[in-house]
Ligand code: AHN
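Have a look below at one chain only, the form predicted alone, in structure tokens format.
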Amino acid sequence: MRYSNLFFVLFLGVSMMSLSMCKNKQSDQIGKSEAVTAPDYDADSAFYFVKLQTDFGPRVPNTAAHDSCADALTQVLLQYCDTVINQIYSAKAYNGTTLHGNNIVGVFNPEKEKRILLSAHWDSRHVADHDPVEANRKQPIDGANDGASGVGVLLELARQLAMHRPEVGVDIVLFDLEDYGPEEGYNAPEGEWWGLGSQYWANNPHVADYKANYGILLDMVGDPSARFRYEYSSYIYANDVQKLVWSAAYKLGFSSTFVTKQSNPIIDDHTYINTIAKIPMIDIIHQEDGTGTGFPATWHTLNDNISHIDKNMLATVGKTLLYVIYNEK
């Protein structure tokens, strides 16, 4: 993912006053209503599912590790979901490489009209272009946080959904080809080079005329110091969904992690779900001030490995999602 384009920068100035006026009202509303009890969430299981991915090493498209991990993720979802679909496609990268992608979709309650779309990306970056050691910057990364953490949260959530059937339909989409965008300093041609898998899915959903009430994207949710703010393009497209999710987090006592503070707009998989598929989707993403990149210090470096994943943070996000799902009727 990367910071968003000029559209959002210009829109930011127009909308900041509106956001400021709404924030206090939103904060006052958080945590007021009663809700049903959601199933337990197993932090160790979520961590296991993150490590399952990183044990393959970098999951860079067009590599054997990438293909083997796709098979493993498919097998996990087959254990839990009513239906699993492998969406096989190809896309052209910024450098002219033809990438072979696999969006992996797990479906619960396909007969339900009311649906929630949950997603994360499972591929990992082909270059560590922000590594502090210059010699490392052409090496691929494990992507433990940037990709695998969100997938791990969703796989444990799928396990819980299989044991405790929700009253709504849930679609888990593991997007491929998210992170093969231009490296730092590369003069790429004009184009939308990030989120290639979500662009494909948005134009070719796994079900014809697919509709969901809303969507939630997870990206970089495993850092022990993660703080999730109101990502600004999510606010523009899906502010009601933001309030719903942050309210759930507050009710669960996670107000120090899900903070009511606005952050910069991001181009990520949710961008194309909002703009192409027209499904309101938010991005739960860890942004960090003071690192020079706007993201955690491990972002796009070789340090984005399993040693920097906190299972309790995975559980914080997973419990919040379960609470949202089991309060839907």
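Bear in mind that the values here come from a model prediction, so they are computed numbers and not experimental data. The first residue of the sequence shown is number 1, and the count goes up from there.
The next section is about a form of this same protein that is not shown, the form predicted together with this ligand.
Colleague: Any idea which of 292-300, 274-282, 56-64, 42-50 reaches within 4.5 Å of this ligand in the predicted bound form, heavy atoms considered?
Modeller: Only one stretch qualifies here: 292-300.
Colleague: Is the gap between D171 and this ligand in the predicted bound form 4.5 Å or less for some heavy atom pair?
Modeller: Answer no; every heavy atom of D171 is more than 4.5 Å from this ligand in the predicted bound form.
Colleague: In the predicted bound form, is there a heavy atom of this ligand that lies within 4.5 Å of any heavy atom of W194, even though the partner is absent here?
Modeller: Result yes; W194 sits at the interface with this ligand in the predicted bound form.
Colleague: Please determine whether L117 contacts this ligand in the predicted bound form, using a 4.5 Å cut-off between heavy atoms.
Modeller: Close contact is absent here: in the predicted bound form, L117 is far from this ligand, nothing within 4.5 Å, heavy atoms only.
Colleague: Decide whether M220 counts as a contact residue for this ligand in the predicted bound form under a heavy atom distance cut-off of 4.5 Å.
Modeller: Flag for M220 set to yes.
Colleague: Is any part of 250-280 within 4.5 angstroms of this ligand in the predicted bound form by a non-hydrogen atom, and which residues would that be?
Modeller: In sequence order, I266, I267, D268 come within 4.5 Å of the partner.
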